[in-house]
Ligand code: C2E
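Here we start with a single chain on its own, the form predicted alone, put down as structure tokens.
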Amino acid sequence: MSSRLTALTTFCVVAFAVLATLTAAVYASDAVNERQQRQQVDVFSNRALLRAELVTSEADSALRQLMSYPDTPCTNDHMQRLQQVEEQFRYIREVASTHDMQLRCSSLRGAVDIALPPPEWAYAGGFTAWHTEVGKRGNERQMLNVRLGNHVVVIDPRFYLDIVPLDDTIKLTVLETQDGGVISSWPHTDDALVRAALKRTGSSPYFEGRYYVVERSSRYPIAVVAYEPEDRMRRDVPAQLRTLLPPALVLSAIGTWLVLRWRRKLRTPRNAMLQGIRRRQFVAWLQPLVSLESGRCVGAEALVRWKLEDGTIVAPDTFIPMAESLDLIEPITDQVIRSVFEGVGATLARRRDLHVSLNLAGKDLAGTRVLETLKASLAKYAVRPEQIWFEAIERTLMDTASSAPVLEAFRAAGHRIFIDDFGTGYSSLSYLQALPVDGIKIDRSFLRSLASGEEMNKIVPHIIEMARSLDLLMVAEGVETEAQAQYLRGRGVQFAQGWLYAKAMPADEFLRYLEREAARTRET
């Protein structure tokens, strides 16, 4: 056999082997991709339905509670009842009373006289619903109003779809199933497509230019429709092979590497969070803590934010439960500590009167690992231990026998310990006496009523008295009005934080906040 024929034969055999390998790899890879992408959309839509049912359940429960109110509407007692219902339910933003087609009074606006718009849709059992726009001109947003009998609850429709976006090509909508009315949807979602999917009979999911999933609630007349472009899931295999055929010998190895790399990048909740940890996307925002006596900023609470690649900021309520369930909370805590020192470490070293409070999750209280992480940063930035405070959520300290030694170790290292969200959990005198803590943080829910001109929640004086009897420091969260601040100041509460002073902000904005405060102090 001539060398030319040998070379040709070898080339044909290798080319056939490479082509067969590429064909099998492309077909296998595309099959795996489609299965996993479909599964992701299925799981995503199911999670969205669970959230939508939770929000709807709160509206249903609140309205049924109000139906039993026996007395004259819009009296002081009735208004207090409206405010209590608003505070009781997390997703309800306002509660109102109506008469015929007029709005008579509201938990936020007091006595009013506003004509109600006609309902957009009606449910069995006497429920009706409609959207209204709120906000300043040019910055309007829609709110959902649900009515039963003579009461209305107002919900931000964004709560229905308040879940972490794992794939920027998935579109999601919540609809009512009777008329196909859109309750809430993500930006750029095609309402006509989701209504057509809702009306379609037969099995779900299905392909029709896109991959559609329709999840119908068995409890309420609502459904979630999710879709994703079909070409995201089903590739054009012949076109891929035609592209890969000329450089087959070289690109076979590269193609295999790319497929493996591409498969690793399929986004699952765990992988998305691990990627965020690897890229140090978890950063600390700082909310100023103010001395009620002097009115000056004496420190800040570090609040974690997840900053995605596109600049989107994800709030902790969305991802912290996921991080705890996936056992990823410890590296996030470490990133928050590093972020705090990188942002304000030099300022803390220069101003010994300032401190930063760090939040501890349940896993962080299993031992003293956090102290070891903190030790290097304290030494690097020359920050004193007493300038770093720690806050532990009340429910994580229920087992005082195991948590007390850990807290004592933090205090022995020079740090102060506060119980966060105090009053929402166990909250007894014996419980406080058993824990080595320096103070408590009064939960914002107890202060909310004073912001609307009503009396302070009756629990607050008892909490303050309990803390004073044990000589504990007190921080009030969610202070939004001067009336609240004056009330707390007059009863010996030392510190406060809330929108009256400033919202949580990135570290560079917090430093500018301190500079502005220093300038005002010099002027006075």
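Keep in mind the model is a prediction, meaning the values are calculated, not measured. So that there is no doubt, residue numbering starts at 1 and follows the sequence shown.
The same protein also exists as the form predicted together with the named molecule; that form is not shown, yet it is the one meant from here on.
- Judged against the named molecule in the predicted complex with a 4.5 angstroms heavy atom cut-off, the residues Q287, A361 and G478 are in contact without exception.
- The closest heavy atom approach of E342 to the named molecule in the predicted complex falls outside 4.5 Å.
- Heavy atoms of I320 reach within 4.5 Å of the named molecule in the predicted complex, making it an interface residue.
- Using a 4.5 angstroms threshold between heavy atoms, D156 stays clear of the named molecule in the predicted complex.
- Contact annotation for L303: at least one heavy atom lies within 4.5 Å of the named molecule in the predicted complex.
- Looking at 102-110, 304-312, 369-377, 211-219, the stretch with residues near the named molecule in the predicted complex, meaning non-hydrogen atoms within 4.5 angstroms, turns out to be 304-312.
- The partner is absent here, but in the predicted complex a heavy atom of V336, alone among L365, V336, V182, M143, sits within 4.5 Å of the named molecule.
- Contact with the named molecule in the predicted complex, judged by any heavy atom within 4.5 Å, is made by just one of P331, G439, P316, P269: P316.
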